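In structure tokens, the next block holds one chain alone, the form predicted on its own.
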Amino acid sequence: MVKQTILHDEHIKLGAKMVDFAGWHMPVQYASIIEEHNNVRNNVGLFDVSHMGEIFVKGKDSLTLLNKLVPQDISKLIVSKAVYCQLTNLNGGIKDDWIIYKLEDDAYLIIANASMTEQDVNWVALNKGDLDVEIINESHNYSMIAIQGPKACDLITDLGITSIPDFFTIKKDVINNIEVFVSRTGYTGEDGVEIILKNRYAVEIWNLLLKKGQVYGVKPIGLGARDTLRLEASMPLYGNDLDESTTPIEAGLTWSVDKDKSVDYNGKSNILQHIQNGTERKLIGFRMIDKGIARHEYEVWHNNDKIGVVTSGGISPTRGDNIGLAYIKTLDNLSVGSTIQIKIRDKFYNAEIIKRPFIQKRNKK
């Protein structure tokens, strides 16, 4: 059975085109995807991301458990701070990618991908053993609204949030006499915040944001623009660019792995080997030279040899060209500036390897 967020009926009222996504009935667009995309880049956009998972991990051994699960050193987190990391399997493959917030000593909040939440909870429980930890999946009780764009913080200030959290920080606050979490991460490359709140208040806050945001040009944003925005910012999508056969190093996420972490974690030996010895394949960014759009699972070729596969691709409204991400063999003669071919419907189209991200990120650090 397809799930619905608490805001489902609000999307219908706004004329959204709805689709099934990760087991949820979600808005893919309200108007034009390009119009919504550009509005986030220039003004402010409102996203219903209530399908994401909220998992609370509490107890005196919670740090020990989390440090076993991810390559990041969670002991370095101070209260209210967050970290991006990967949930790894025993071989170092990525089971999911998470944001972990430290709410207080021995209490953490994990934001998990919608389609993976139940599996993640099960994996965490399997790794718990005899540790003194409470694992609470509160995903069905919480909603999440993301406010993204250069005017996002102005809108939030108008709602009474006078002290906006620093980048990758979370705080408790009050909007309209409603207690909420306000975090500052984002998935668009723009500045902004997420409001995490109990379901019963979600409609009220959503409509308040739409009303207060009119002066800032706010628009509701669907999954279509969310994908083009995150692609331009070169942010990986689990299930496309990340999966259990991929290590963080292959995915270009070496920066998110704590190389000096002393305690063991799932897949540590393989991940460290990839850091020390390199990998046989790597994730690259490219732009189409020839007219054509590269899509997920299209083949990548070079010198008449298949060298990889596209994981994400599409139009870049900001750049005005077609871009993509792909895993290719690690070859000495391929680097930024090299020409590759994308096989589209049995024809080969030239593309150029370029640096990522595809646009300059404007989220505040």
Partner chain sequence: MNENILCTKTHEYLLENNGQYEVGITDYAIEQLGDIVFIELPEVGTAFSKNEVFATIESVKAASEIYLPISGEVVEINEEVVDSPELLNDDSYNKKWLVKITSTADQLEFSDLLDYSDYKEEIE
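Positions refer to the first chain, counted from 1. Small disclaimer: the values here were computed from a predicted structure and weren't measured.
Keep in mind that the form predicted together with its partner chain is not shown, yet the notes after this line are about it.
Visitor: Please tell me whether any heavy atom belonging to I34 falls inside 4.5 Å of a heavy atom of its partner chain, as the geometry stands in the model of the complex.
Guide: Yes - in the model of the complex, heavy atoms of I34 and its partner chain come within 4.5 Å of each other.
Visitor: Might K17 be said to contact its partner chain in the model of the complex, defining contact as any heavy atom within 4.5 Å?
Guide: Contact check for K17: yes, within 4.5 Å of its partner chain in the model of the complex.
Visitor: Decide whether Y327 counts as a contact residue for its partner chain in the model of the complex under a heavy atom distance cut-off of 4.5 Å.
Guide: So Y327 does not count as contacting its partner chain.
Visitor: So, I293 and its partner chain: in the model of the complex, are they within 4.5 Å at any heavy atom pair?
Guide: So I293 counts as contacting its partner chain.
Visitor: Could you tell me which one of N266, Q72, S234, T228 places a heavy atom within 4.5 Å of its partner chain in the model of the complex?
Guide: Contact residue from the list: T228.
Visitor: So which of V57, I307, M52, I315 gets a non-hydrogen atom within 4.5 Å of its partner chain in the model of the complex?
Guide: That would be I315.
Visitor: Heavy atoms within 4.5 Å of its partner chain in the model of the complex: which of the stretches 87-95, 204-212, 277-285, 220-228 has them?
Guide: Only one stretch qualifies here: 220-228.
Visitor: Pull the contact list for 337-351: residues with a heavy atom within 4.5 Å of its partner chain in the model of the complex, in sequence order.
Guide: The stretch 337-351, when checked against its partner chain in the model of the complex, contributes R345, K347, Y349 at the 4.5 Å heavy-atom cut-off.
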